[in-house]
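This document opens with one chain alone, in structure tokens, the form predicted on its own.
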Amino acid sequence: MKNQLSKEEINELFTFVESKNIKYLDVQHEIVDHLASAIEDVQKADPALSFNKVLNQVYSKFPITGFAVMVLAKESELKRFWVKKFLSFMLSYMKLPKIIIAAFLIFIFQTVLSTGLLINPKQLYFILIILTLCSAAYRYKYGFEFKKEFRNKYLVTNSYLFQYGGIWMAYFFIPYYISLDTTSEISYFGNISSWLLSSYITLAFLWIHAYTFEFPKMLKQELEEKYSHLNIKLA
């Protein structure tokens, strides 16, 4: 009695799935696993049925959109996963002694901003941009960036970068009107505004640190635990 599909039949499944416009390789693997399991179950009950006949029978149970529903479900799953990962990590990241360090930095930045000494909000903003660029260069040099050919071939990497990019957009543009407000003199930079901007700048410094040193570890761990069979390479 046949229990498992042959290597040639598995390859046929990959070809079949790819022909249905499934571009992500990790999603292809999941769909192939699903199809192979379903086909094996049917053939176990009736070994006389041919591979192609069972494949057509299994595929006919999908909606008219084919595998699109599985892709959408996987996209939603990964979106929730990465958002939850980022948020839970940042919450756990804010522990002693980082809370004390953060409070000290907020106080220093607030003093500088409220008195107009040494630096203004616009200069601080551009310092953060420079630090971010340095962080990106460091990540690339030490192997924490995806190689170009892997960025869009896998839904897990595509989803990670998309969610990551969304967070960076918020990071840069939500405080834009505060940090680049050139219509107001620094002497009118209010007490509440200075505390808010100081808190933002401090969190930004912590975020850059996490982005540079901590998130890559989280990403590599996820790839090693769940996607080792895909051999996704980092630069």
Partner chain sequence: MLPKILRYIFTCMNRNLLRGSLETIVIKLLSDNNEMYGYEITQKVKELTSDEFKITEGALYPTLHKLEGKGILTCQTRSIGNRFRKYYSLTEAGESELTIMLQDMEDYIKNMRLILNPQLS
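Residue numbers count along the first chain shown, from 1. Take the two forms, superpose them, and find the largest set of C-alpha atoms that agree within 1.5 Å; that set is the rigid core. Just so you know, these numbers come straight off a predicted model, no measurement behind them.
Another form, the form predicted in complex with the partner chain, is not on view; read the next lines as being about it.
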| item | value |
| --- | --- |
| Partner-facing stretch of 193 to 201, 206 to 214, 24 to 32, 48 to 56, counted where any non-hydrogen atom is within 4.5 angstroms of the partner chain in the model of the complex | 24 to 32 |
| Of 73, 108, 136, 83, the one that lies within 4.5 Å of the partner chain in the model of the complex (heavy atoms) | 73 |
| 4.5 Å heavy atom contact, residue 218 and the partner chain in the model of the complex | no |
| Touches the partner chain in the model of the complex: residue 232 (any heavy atom, 4.5 Å) | no |
| In the model of the complex, residue 20 touching the partner chain (heavy atom, 4.5 Å) | no |
| Partner contacts in the model of the complex for 29 to 59 (non-hydrogen atom within 4.5 angstroms of the partner chain) | 29, 30, 33, 34, 36, 37, 38, 40, 41 |
| Is_shifted residue 202 between the shown form and the other one (CA, 2 Å cut-off, rigid core) | no |
| Displaced residue check between the shown form and the other one: residue 42, CA, 2 Å or over, core reference | yes |
